[in-house]
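One chain is shown next in structure tokens, namely the form predicted alone.
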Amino acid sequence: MKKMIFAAAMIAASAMSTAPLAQAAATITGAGATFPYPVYSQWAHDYNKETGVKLNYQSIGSGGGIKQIKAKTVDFGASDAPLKAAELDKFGLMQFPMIMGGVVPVVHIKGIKAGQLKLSASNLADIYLGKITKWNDARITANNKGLRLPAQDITVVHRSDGSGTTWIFTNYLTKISADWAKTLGNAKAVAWPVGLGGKGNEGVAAFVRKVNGSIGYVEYAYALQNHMASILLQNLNGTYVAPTSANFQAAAAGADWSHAKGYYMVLTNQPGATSWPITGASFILLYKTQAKPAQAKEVLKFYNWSYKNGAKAAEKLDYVPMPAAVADMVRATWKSVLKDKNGHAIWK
């Protein structure tokens, strides 16, 4: 089983490291997405061991992270829902991509193991629209010859908080279902027509594990950590694919970050025989003008270290590291965009 550090207390506890320092170590604060939390936690642990610097990160969902950075209560915000250039400019923010991964539908159906159940794109949408309510519905069994599915009600589980994971999931549903696009659309929080709400990826995972007959969506690391049964999902090419790091990479391969204004990039429903259709990136949000430049530099040092040294840990947790060329592009953006009150560059 892949080892992960989930609890915020575990990040704080890593500050007990005895790494030799000439002066008291810094603490950097952030809040937001639960999607990248497993890998951010591992990076924080490793970085603390090396430098003594502590990361205090609140895994509260992308909506909460955006609110906190706008309120200036944290050093950085984290969101899986990228902000468009107009919103970034309105609040004086910049964003950059830090990691990529997959959102995965998971089920709890007695006797069904990971990779056994196939769902077409339209069937997944119709389950979340409340149009398919039984696991043995003919539209599901037609794609699952030989798989015994029960005449059982489907319990839909979704996020209760404003969530970048939900943003990625509903972005995908909007692309593959005209009904979804017309009635609910793409947002961090929507008026779910059916189902139970869980807070964070952790809450959704807990509900699905508890309720037989349920389906939910979580970031892949949570599915692995909780030994959950992921599905085979039909992609844009019509192929049923499994959620794997290789298939996340296939979906991310076509991303041209150099042409993404403000690094705005959406990776759902990408072409390719093996592309996982619900792939997304996670972003860090910072103010362009920093009132505390020394603190902002500590944030940049952490993420610079993560770009350089975090790929192995990310891959172990089945995330897709940002390519080196993208990391170089981001560093150049730091140099040109992030300034102190006097207009001096923070990153040199």
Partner chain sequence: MKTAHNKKWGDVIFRGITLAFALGILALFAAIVGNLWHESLPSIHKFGFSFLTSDAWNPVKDDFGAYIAIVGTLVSTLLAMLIAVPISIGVALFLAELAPEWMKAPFGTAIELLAAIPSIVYGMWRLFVLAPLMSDHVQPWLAEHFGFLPFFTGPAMGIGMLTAGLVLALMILPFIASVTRDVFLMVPQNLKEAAYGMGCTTWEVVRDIMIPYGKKGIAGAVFLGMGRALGETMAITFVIGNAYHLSWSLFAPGTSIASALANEFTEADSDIYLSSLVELGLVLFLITFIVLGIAQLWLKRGNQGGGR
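Keep in mind it's a predicted model, so treat the numbers as computed, not measured. Positions refer to the first chain, counted from 1. Here the rigid core means the biggest group of C-alpha atoms that line up within 1.5 Å when the two forms are laid on top of each other.
The same protein has a further form, the form predicted together with the partner chain, not shown here; the description that follows concerns it.
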Listed residue (H108, K118, K131, K199) with a non-hydrogen atom within 4.5 angstroms of the partner chain in the model of the complex:
K199
Can you pick the one in P150, P271, P193, G92 that has a heavy atom within 4.5 Å of the partner chain in the model of the complex?
P193
So in the model of the complex, are K49, I69 and Y307 all sitting within 4.5 Å of the partner chain, heavy atoms only?
no
Consider V211 of the chain shown here, and say whether it contacts the partner chain in the model of the complex, taking contact as heavy atoms within 4.5 Å.
yes
Hey, in the model of the complex, does G262 get a heavy atom within 4.5 angstroms of the partner chain?
no
Can you check whether D161 is within 4.5 Å of the partner chain in the model of the complex, heavy atom basis?
yes
Answer with yes or no whether Q225 is in contact with the partner chain in the model of the complex, where contact means some heavy atom within 4.5 Å.
no
If we take heavy atoms and a 4.5 Å cut-off, which stretch out of 250 to 258, 139 to 147, 180 to 188, 216 to 224 is in contact with the partner chain in the model of the complex?
180 to 188
Heavy atom within 4.5 Å of the partner chain in the model of the complex - qualifying residues of 63 to 83
G63, G64, K67
Does S59 move its CA by 2 angstroms or more between the shown form and the other one when the core is aligned?
yes
Using the core for the fit, does the CA position of M322 change by 2 Å or more between the shown form and the other one?
no
